[in-house]
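In structure tokens, the next block holds one chain alone, the form predicted on its own.
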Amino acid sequence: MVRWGARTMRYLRLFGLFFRVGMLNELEYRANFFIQVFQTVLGLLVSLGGLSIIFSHADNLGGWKPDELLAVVGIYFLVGGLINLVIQPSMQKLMEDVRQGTLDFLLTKPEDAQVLVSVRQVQIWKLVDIVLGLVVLIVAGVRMGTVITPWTAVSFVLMLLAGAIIIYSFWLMLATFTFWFVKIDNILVIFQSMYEAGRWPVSIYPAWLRVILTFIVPVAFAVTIPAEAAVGRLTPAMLLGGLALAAAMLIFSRWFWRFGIKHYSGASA
């Protein structure tokens, strides 16, 4: 346990180092901050506009009330910000290094290669999405008059963490395919398009699409299930299922990463 704790702290310090480097790089282009604010606010206005149009004709959408859907929007921006903050840029950098054969430099470092490839690229201005998502979520909670019970708080944090792990594992597995396929950027574009569906609860979609958004492209675990925890809809069975899937995907993605590394020929090939 002590050894695991020490390793975790070392990884956190490593992420902090890459975060500071990313901050220094991004501060050279401060106009990007205002561009990110504009994009985030515009995206929020589009989402709120969609909600306004829908609820001008109906009282609920698939059993979800307006303020509950506002919570979904908040989590959508929160998780999207996390993905674009570190997961997506790091995985894209990994795919680029594999194509160019420059991953060798990272594999020779005296630290776990998976950890390094997972946190080395940080786009700090994506923090705007995370902050705005939290604000929207808080506003939704106040409007609903949500009473934060221990179950609500713990289940929400656990499902948010499980969702982040599931999305990370999914991205890592996609990026690992680069060891066999030279270019899979189109798959990542498809993922981004599918993630847009997370603006709405997956329960409103047809059955076949719900299956895709839950088990193939895990948007449901990233957005809808944490939202259900936030508004008090989550059941213990869903909580255990989400945690089990997160653990399974993390273990499998770790194995798949190591399997992919064995098939990496490197720049010297």
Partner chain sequence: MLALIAYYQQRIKTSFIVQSQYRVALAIWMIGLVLEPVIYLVVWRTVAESSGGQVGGFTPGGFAAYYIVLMVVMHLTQIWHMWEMEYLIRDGTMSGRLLRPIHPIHQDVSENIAYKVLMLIVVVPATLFLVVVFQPEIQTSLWAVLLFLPAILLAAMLAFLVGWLVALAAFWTTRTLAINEFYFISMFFFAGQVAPLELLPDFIRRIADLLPFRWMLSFPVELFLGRLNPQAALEGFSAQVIWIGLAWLALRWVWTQGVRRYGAVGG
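Numbering follows the first chain given and starts at 1. All of these numbers come straight from a predicted model, not from anything done at the bench.
Same protein, other form: the form predicted in complex with its partner chain, not shown, and the subject of what follows.
Visitor: Of A244, A237, L45, I216, which one comes within 4.5 Å of its partner chain in the model of the complex, counting heavy atoms only?
Guide: Contact with its partner chain in the model of the complex is made by L45 alone.
Visitor: Quick check on this chain: which one of L161, I190, I130, M173 has a heavy atom within 4.5 Å of its partner chain in the model of the complex?
Guide: Checked against the cut-off, the match is I190.
Visitor: Kindly confirm or deny that V115, L134 and G145 each have some heavy atom within 4.5 angstroms of its partner chain in the model of the complex.
Guide: None of them does, since no heavy atom lies within 4.5 Å of the partner.
Visitor: Using the partner position in the model of the complex, report whether V211 sits within 4.5 Å of its partner chain, counting heavy atoms only.
Guide: Output for V211 is no: heavy atoms all beyond 4.5 Å of its partner chain.
Visitor: Any chance M194 has a heavy atom within 4.5 Å of its partner chain in the model of the complex?
Guide: Result yes; M194 sits at the interface with its partner chain in the model of the complex.
Visitor: Against its partner chain in the model of the complex, would P66 count as a contact residue? Criterion: heavy atoms within 4.5 Å.
Guide: Result no; P66 lies far from its partner chain in the model of the complex.
Visitor: Can any non-hydrogen atom of G232 be found within 4.5 angstroms of its partner chain in the model of the complex?
Guide: Output for G232 is no: heavy atoms all beyond 4.5 Å of its partner chain.
Visitor: In sequence order, which positions of 46-72 have a non-hydrogen atom within 4.5 Å of its partner chain in the model of the complex?
Guide: If the 4.5 Å heavy-atom criterion is applied to its partner chain in the model of the complex, 46-72 yields V46, G49, G50, I53, I54, H57, A58, N60, L61, G62.
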